[in-house]
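Just the one chain here, the form predicted on its own, laid out as structure tokens.
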């Protein structure tokens, strides 16, 4: 399944959907759409080799936890197509990017727009913090730094079986504050797991504010290299740079792309909230109205109509 739209248009569509949803629901993960739209658009619209979705366009309600008697249980990975040897697999490591991930699935035709209306509703599989049953998700990675380990384990198994499909991990830079991320890189280097690819949204933000104010992580590119990865730094809003990064040779090493981004790219008024950008809930109707007008102008659309 390959979308014929320009990737730039997909990225713009992602931001518009997240913006519309946030205005109508009095808040949302706006800054993640600002920083990550190009990365997810590039992955889904160009880079990933995926089969057609195996789940219905409108997500089914939460079907319960897995058990021998629960025949209705499924993961959300079906929106990325079947887990066949020739296809790529994708793990969304920061589960709080779920709103942006769902918007991406809609923009590339893998989920129906109606699915976003189910976001964070009781009984819905379209979780606010993506879980293993949520669209596009295969496991629950949280923001605990386990995403790269999950990807590394699968990639190692696929490499040993001789499967041609790659394993991808979409990450956020807050994960480098967790030790398991570095253990995963070392394991990949030790075992020669070079069919693992990761792109990290380096927006220098996390849930408690700016990264540097919570835990200074210093030069993460150099640290990735020392721990055994092939690491490339790019402008995370530059699609050409992403394409070029994929031409880097990395035999015996995982490829880690550090995509440096702005948490208020294309929504400039969000800079007013810096560094508290993790989840933007409007403080007043006046702020909501001002952001509606300002962001709509940035995105080239009319302000969103909503109920006060």
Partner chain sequence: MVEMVSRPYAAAFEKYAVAHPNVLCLSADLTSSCEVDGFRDRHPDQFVSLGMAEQNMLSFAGGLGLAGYRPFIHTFGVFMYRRPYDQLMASIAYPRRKVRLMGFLPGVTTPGGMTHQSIEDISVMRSIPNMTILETGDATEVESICEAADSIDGPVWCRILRGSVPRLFDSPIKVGEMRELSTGDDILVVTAGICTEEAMRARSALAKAGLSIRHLHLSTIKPFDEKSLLDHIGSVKHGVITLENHVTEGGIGSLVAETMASAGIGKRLIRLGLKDTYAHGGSRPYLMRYYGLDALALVKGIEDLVGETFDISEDDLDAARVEDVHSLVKAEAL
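Positions refer to the first chain, counted from 1. Keep in mind that this is a model prediction, so the values were computed, not measured.
The discussion below concerns the form predicted together with the partner chain, not included here.
This chain appears without its partner; in the predicted bound form, the one residue of 95, 116, 234, 187 with a heavy atom within 4.5 Å of the partner chain is 187. Heavy atoms of residue 91 reach within 4.5 Å of the partner chain in the predicted bound form, making it an interface residue. Though the partner is left out of this view, residue 251 does not reach within 4.5 Å of the partner chain in the predicted bound form, counting heavy atoms only. Residue contact with the partner chain in the predicted bound form: residue 140 places a heavy atom within 4.5 Å of it.
At a distance threshold of 4.5 angstroms between non-hydrogen atoms, residue 240 is out of contact with the partner chain in the predicted bound form.
Of the stretches 176-184, 116-124, 219-227, 200-208, only 176-184 has residues with a heavy atom within 4.5 Å of the partner chain in the predicted bound form.
Contacts with the partner chain in the predicted bound form, taken as any heavy atom within 4.5 Å, map within 149-181 to 149, 150, 152, 153, 154, 156, 157, 158, 160, 161, 180.
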